[in-house]
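One chain comes next, on its own, written as structure tokens: the form predicted alone.
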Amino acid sequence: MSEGHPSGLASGAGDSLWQACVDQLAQELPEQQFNTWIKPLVAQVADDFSKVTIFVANRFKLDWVRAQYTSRIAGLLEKLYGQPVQLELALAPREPVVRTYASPAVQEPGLAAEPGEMAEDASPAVFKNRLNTALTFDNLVEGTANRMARAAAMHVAGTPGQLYNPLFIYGGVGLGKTHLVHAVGNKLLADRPGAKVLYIHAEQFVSDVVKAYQRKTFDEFKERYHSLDLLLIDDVQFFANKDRTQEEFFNAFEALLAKKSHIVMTSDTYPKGLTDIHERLVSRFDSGLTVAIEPPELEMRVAILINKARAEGTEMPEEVAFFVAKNVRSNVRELEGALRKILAYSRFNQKEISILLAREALRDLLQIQNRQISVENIQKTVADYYKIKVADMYSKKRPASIARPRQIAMYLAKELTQKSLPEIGELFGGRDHTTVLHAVRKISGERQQLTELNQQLHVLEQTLKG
């Protein structure tokens, strides 16, 4: 360790210290919380690391960050640096602020909107599309997991208001649904700069309905939503149990379709799997094209890691990308989190990125995975889910009620563990590796076609990952 810096950080590494802290918070917090409250923060680190000053845009945000996040930020800085760091919050100097991202500022429950935001939203002269211009088709890695959804989204962006209206995209957390809908908006605006495009999270629509009722401003509300050329709305499952919101969304939906505007929605489940949402709304969701985004396959995960590392100004060796991709399988967000850990670890230790370094940086994650997911655990979980005996997984019985769950368990064993096909076959009653390969290909293919099977697999995967 270098003298005067307990963590071994070299002098002038203040930016790296703060960036590592932000990277860790990005992994811990929901994406919208992070984008709204943490990402805009600017930090100044003292040369001797004794103090970190965080600059916040206004008094409202300063009070909220202080109440909700300072203890965690201070704890992370201490952990990263190796000894306590004084943390101070201050208002940013009054200068024109250039926003570096355009994620929607979703209101925290129970909070009033900031005065400045309110005026901006209410002004008909300033139309905020809320698009993140960094999320485009160009930097969206394509693979079998998202190929159909990407093709449909590109078609919508090129010829809105025609086929695939509405476009309903569903899949688990962190698979790239939000990236895809922003890409649609950005492509349409590149082709037609005058188009009225709006990206929102479903929670923001709920908030807008509440405000319209409180202030009796429904004419403005309808003008805003019913006049759009393209509405992009994330996580429509948040409409559950909100009758008034569902009513207003139904009205907006009908108005937009009538004027041949396009609607693109995302959800964590397919339309008929949504609960506590009116049947007439569900039938509208299902009336266009419904496509799934799956967890990315190995080659796609490798490409994502290499591309995202390159975007951070770092070349990740292919063998390291393969190592990480084999161990982080569930979604793109977890891949990004693993990449941040590796980059931070490489910076702090001033070492080249290698498999050894990646193994050390991801030690906690690898330990959790190795402890939680085993073939035996998969067999028990699948047997419980389909109400068969665990012993049926190894038996020679072949009725469909047993053979089907057995194939599903083999597929999950290949997807979620490091076992080879022969090893998996051995654990399923000494079966040949070709039997396992057949099961994996069969279930993988059917997953793309059968909505119900895909949903069952999502449930099993989330259960196994805890």
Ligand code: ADP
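When you see a residue number, it is the position in the sequence shown, counting from 1. If you're wondering where the values come from, they're calculated on a predicted model, not measured in any experiment.
Here the subject shifts to the form predicted in complex with the named molecule, a form of this protein not shown in this document.
- prompt: How about Ser261: is it within 4.5 Å of the named molecule in the predicted complex, going by heavy atoms?
  reply: Contact check for Ser261: no, nothing within 4.5 Å of the named molecule in the predicted complex.
query: Using 4.5 Å between non-hydrogen atoms, is Gly174 touching the named molecule in the predicted complex?
result: Heavy-atom contact with the named molecule at 4.5 Å: present for Gly174.
- prompt: So in the predicted complex, does Glu336 come within 4.5 Å of the named molecule, heavy atom to heavy atom?
  reply: Contact check for Glu336: yes, within 4.5 Å of the named molecule in the predicted complex.
- request: Decide whether Val141 counts as a contact residue for the named molecule in the predicted complex under a heavy atom distance cut-off of 4.5 Å.
  value: Yes.
task: Could you spot which one of Ala321, Leu135, Met393, Leu228 gets a heavy atom to within 4.5 Å of the named molecule in the predicted complex?
output: Result of the distance check: Leu135.
query: Just one of Ala252, Met300, Ala361, Val382 has a heavy atom within 4.5 Å of the named molecule in the predicted complex. Which one?
result: The option sitting close enough to the partner is Met300.
message: Suppose contact means a heavy atom within 4.5 Å; in the predicted complex, does that hold for all of Ala149, Ala157 and Thr290 with the named molecule?
response: No, because Ala149, Ala157 and Thr290 lack any heavy atom that approaches the named molecule to within 4.5 Å in the predicted complex.
query: Can you say which of 300-308, 270-278, 215-223, 68-76 gets within 4.5 Å of the named molecule in the predicted complex, counting heavy atoms only?
result: That would be stretch 300-308.
task: Quick one: name the residues from 209-233 with any non-hydrogen atom within 4.5 angstroms of the named molecule in the predicted complex.
output: If the 4.5 Å heavy-atom criterion is applied to the named molecule in the predicted complex, 209-233 yields nothing.
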